[in-house]
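Take a look at this single chain in structure tokens; it is the form predicted alone.
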Amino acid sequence: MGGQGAVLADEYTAGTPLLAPRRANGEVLRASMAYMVAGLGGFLVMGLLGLLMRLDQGGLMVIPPEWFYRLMTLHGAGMVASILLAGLGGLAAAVSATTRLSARVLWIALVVYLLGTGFVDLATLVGGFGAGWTILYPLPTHGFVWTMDSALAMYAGYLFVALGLLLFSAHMLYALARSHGGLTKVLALRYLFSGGRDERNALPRPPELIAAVISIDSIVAAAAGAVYLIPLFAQAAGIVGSVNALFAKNAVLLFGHTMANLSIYVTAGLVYAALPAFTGRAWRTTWPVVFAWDLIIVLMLINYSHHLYADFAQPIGLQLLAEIASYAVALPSFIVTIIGALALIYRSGIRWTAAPILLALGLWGWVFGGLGAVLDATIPVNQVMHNTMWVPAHFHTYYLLGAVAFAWGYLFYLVRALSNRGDARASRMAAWLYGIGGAGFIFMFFVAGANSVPRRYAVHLAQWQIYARIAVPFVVLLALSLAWLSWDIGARFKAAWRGTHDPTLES
């Protein structure tokens, strides 16, 4: 093992590893930090909406059903968009250490993306749209509670988010391909198909490889969103009579489910970028790493169909393919990322500051959330569990304790590196409390799901409320820990921002 890829990784972590982001372009770093702050800020707001919904489900406050579904829709769509945005910002910062990115393109993509989230806010909070983040056709067009205008605002929101993602991803892919001399080289295909023997081409660092994989799937997801949305706009304009519901469902889940998956895998890329700085060990671009991440390009795009097991009209071949892909997509995360990260940590003498604590918590959440997802993707289990709280249980696990923890951990790392100021001692305690609060919160989702409590119900029967009531104190603990972590980041953010103007940074 080794080769040019190992050399690049060693150079990246040599000397003073925490200063690695300083090799990046200052303008790009500022754009990246804006992505992360906007994304994690959005996550905090959406988290408060989640607390309100759990209070309602626990019978501790009353939210009218029409408002519950508005909040549920905004919470779901907002969480996916926010966490993905934070992950994209972090990945841009990591990649920019060795690849020239355009800050102008990143800022334009951010504005377009945020314009989309603004439309979603208007559609739900003002227009009353409450069809859920999946906006499954033909529910949005019924207009029993909300108007067609609000449905169109929701569609517009998704369209602008997709366009922002498309712009970001196309630019990232172009920059990586130009830097490495072609797309096949940044995906290390020659190295892959030679079984790791052909090392004539310089291998990408893991964050660069992951960025390329994520960008390819993002472009496909954005295209699927357009395939879904354009016919619906045409229907609203009276150009077409109706849209095939099964086609629409496949397209929107290919778009939405892939968006949700992207947010998880893009934040996993941040672990590859940051963890070596704390362990003092390089994360090498080995053949298993290349194989696992290149495989994700295909697997991430076909496993969405496990959400359509209940659709009898769906071709059986797609159902079986979805089950196989759902199992297979776990291999990169479980074998390569988890074991690779643990190998880096083992006996490294790592100093457990807030950033590595959060990154380690994210590994834990990714494992357990992934296990819950794989179980739900098993057809006989899915037929019983899919419409219960088991589903929010597994995706809250790998979101809250996985992707979000990765993103917070990377932001702590970035701010530490740019400000030259370490985090407060209390932040380490807050990071552990984040894990405890998050674990208690999602555990009650799992227990409720195992007891067949349905999901997406605005009103819970009295015998269901106990699960939400037990979860609420853990959510409060989670909120308090996040408040402290946010304060700590905020206290050092100005110094970190000034750090991006360091004249030693490349221009």
Partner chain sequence: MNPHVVLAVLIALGLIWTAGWATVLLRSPRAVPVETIQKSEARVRLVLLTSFAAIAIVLFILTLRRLPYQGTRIMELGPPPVTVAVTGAQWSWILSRTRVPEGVPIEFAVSARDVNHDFGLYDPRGRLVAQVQAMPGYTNRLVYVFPAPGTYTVRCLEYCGLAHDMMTTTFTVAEQ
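On a predicted model such as this, the values are computed, not experimentally measured, just so you know. Residue numbers count along the first chain shown, from 1.
As for the form predicted together with its partner chain, it is not shown, yet the points below apply to it.
Legend entry - Residue stretch of 94-102, 174-182, 322-330, 230-238 approaching its partner chain in the predicted bound form, non-hydrogen atom distance within 4.5 Å: One stretch meets the cut-off, namely 322-330.
Legend entry - Among the candidates G372, G157, G437, G78, the residue which, in the predicted bound form, approaches its partner chain to within 4.5 Å (heavy atoms): Checked against the cut-off, the match is G372.
Legend entry - Position in contact with its partner chain when the complex is considered in the predicted bound form, options I302, M148, I379, A426, heavy atoms within 4.5 Å: It is I379.
Inset, instruction - Determine whether any heavy atom of G41 comes within 4.5 Å of a heavy atom of its partner chain in the predicted bound form, and answer yes or no. - result: No.
Inset, instruction - Check whether G59 has any heavy atom within 4.5 Å of a heavy atom of its partner chain in the predicted bound form, and answer yes or no. - result: So G59 does not count as contacting its partner chain.
Inset, instruction - Look up in the predicted bound form whether D121 has a non-hydrogen atom within 4.5 angstroms of its partner chain, and give yes or no. - result: Although its partner chain is absent here, D121 would stay clear of it in the predicted bound form, with no heavy atoms inside 4.5 Å.
Inset, instruction - Would you please decide whether K249 lies within 4.5 angstroms of its partner chain in the predicted bound form, comparing each non-hydrogen atom pair? - result: Yes.
Inset, instruction - For the three residues M72, A310 and F443, verify that every one has a non-hydrogen atom within 4.5 Å of its partner chain in the predicted bound form; reply yes or no. - result: Verified in the predicted bound form; spot residues all in contact, yes.
Inset, instruction - Sequence order please: the residues of 263-288 with a heavy atom within 4.5 Å of its partner chain in the predicted bound form. - result: Residue within 4.5 Å: R281, and no other.
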